[in-house]
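Only one chain is included here, represented as structure tokens and corresponding to the form predicted alone.
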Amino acid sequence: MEMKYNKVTDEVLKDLRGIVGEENVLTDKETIKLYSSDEAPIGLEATAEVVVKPKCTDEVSDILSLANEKMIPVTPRGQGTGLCNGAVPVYGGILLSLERMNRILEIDEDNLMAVVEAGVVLSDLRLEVERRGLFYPADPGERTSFIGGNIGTNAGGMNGVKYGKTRDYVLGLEAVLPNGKVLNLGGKVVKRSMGYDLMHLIIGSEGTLAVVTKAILKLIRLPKIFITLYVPFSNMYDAAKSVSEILREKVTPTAIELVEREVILEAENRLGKRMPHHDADAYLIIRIDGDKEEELYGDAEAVSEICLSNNAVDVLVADTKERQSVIWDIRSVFYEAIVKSREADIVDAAIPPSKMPLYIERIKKISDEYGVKILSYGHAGDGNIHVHPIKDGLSDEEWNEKLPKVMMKLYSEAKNLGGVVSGEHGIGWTKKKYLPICLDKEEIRIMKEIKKIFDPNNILNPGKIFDA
């Protein structure tokens, strides 16, 4: 049943200004529009009625309490780097921007932990801890993202092979419920066993259960040495097969990225930099880190031998910071290079890494069957591949007719191989229709009941993951 929400009245605006100050309540239509989208390739036309920028947890609490009382929807927003329209205010109401809550509150070197507000930029945190010889490994690729947004989607990224996802580094959360009550979950302990883990329920909930305002994050010691292998192949299948064998040999690189040549060329042009090689059909980009040079180069040699045995054209080694930076800078713009220059969509499927070669084959068959160009790249080491159907050469009518079928087929084939519809981007608004591919009715029913317990009035990010 469609929810009925109230509008933001002049009285509500007055109350909001009383909470955060007049300068932090934005009503100008052009300004609001800047806050009303994310980086999804196919966006939504929706705007909030007001943007509110709190500075502290108490202000977030007061805003949510007011919205809950007045039955006004609230959409939490970080940096807006999501790809599923998850931060788009589809029911209007209040857009809650956490940009002012951007303090690194503590770096606890004794316990290897950091305490940060939700609006801290990922790259700022990493730079600060690395100055102290520490490392925050969770790396979703978009380093301008906010920590709160990373927690909201349980962001993964390139370092997932060795270090896992955001969830693996969250030890504690401060979060505000839709009724304004503040929860303090977890803490500076590595182990705990005390009933249901509400903290991990909130992680990955995409701002539908509570607004994360603060986090305690686990750090590790910064590895002393990093090297990057850049490996060209004559086809995607051989590259994907190499990944399976690398993992089976119990060599654990930091990252293993798989990419097609056309994506490389687009990214080079966008960034104005050049990879050390761009004439092969497919590439693996492999990062290895460690503290002992002998062990590191031993792992690199083992990885190289596996790639060469699977018909790699060559293995190029980048062992200086400058050479590696060029490679990873270009890698960081793969998504932009595709979606900013053409009309495209994205599938964020994750499958067992051993099934990657099969999925690559099926992607090619789907492309041929429907006559739709498809480009692929992604985090092959943990089975999370990003697949882009491209409009190139199709009329609007053909694209609109074919795209839904291609998307459903790509997700269904991932499920058939033991995979899921989202590895790291979340569900948001865009992927709701695909969720039943992987979750049965009972799982979805339980999730909806959990949402009702946290948010009985359904004011918090309504319409995301499930219909409002």
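Note that the structure is predicted; figures quoted are calculated from it, not measured. Quick note: we count residues from 1 along the sequence shown, nothing fancier.
The same protein also exists as the form predicted together with a further copy of the same chain; that form is not shown, yet it is the one meant from here on.
J.: Indicate whether residue 443 is a 4.5 Å heavy atom neighbour of a further copy of the same chain in the predicted complex.
T.: Heavy-atom contact with a further copy of the same chain at 4.5 Å: present for residue 443.
J.: Given that the partner is absent here, does residue 80 sit within 4.5 Å of a further copy of the same chain in the predicted complex, heavy atoms only?
T.: No, residue 80 sits far enough from a further copy of the same chain in the predicted complex that none of its heavy atoms falls within 4.5 Å.
J.: Given that a further copy of the same chain is not shown alongside this chain, does residue 384 nevertheless sit within 4.5 Å of it in the predicted complex, heavy atom to heavy atom?
T.: Heavy-atom contact with a further copy of the same chain at 4.5 Å: present for residue 384.
J.: Does residue 251 reach a further copy of the same chain in the predicted complex if we count a contact as any heavy atom within 4.5 Å?
T.: Answer yes; at least one heavy atom of residue 251 falls within 4.5 Å of a further copy of the same chain in the predicted complex.
J.: Among the candidate stretches 118 to 126, 375 to 383, 268 to 276, 68 to 76, which one is within 4.5 Å of a further copy of the same chain in the predicted complex when only heavy atoms are counted?
T.: In short, 375 to 383.
J.: To verify the annotation, which of these, 247, 107, 339, 303, has a non-hydrogen atom within 4.5 Å of a further copy of the same chain in the predicted complex?
T.: For this set of options, the contacting one is 247.
J.: In the predicted complex, which of the listed residues (311, 144, 111, 102) lies with a heavy atom within 4.5 Å of a further copy of the same chain?
T.: Contact with a further copy of the same chain in the predicted complex is made by 111 alone.
J.: Spell it out for me: taking a further copy of the same chain in the predicted complex, does every residue among 44, 360 and 391 have a heavy atom no farther than 4.5 Å from it?
T.: Result no, not one residue of the spot touches a further copy of the same chain.
J.: For 182 to 208: residues with a non-hydrogen atom within 4.5 angstroms of a further copy of the same chain in the predicted complex?
T.: Sequence-ordered list: 182, 183, 184, 185, 188, 189, 190, 191, 192, 193, 194, 195, 196, 197, 198, 200, 201, 204, 205, 208.
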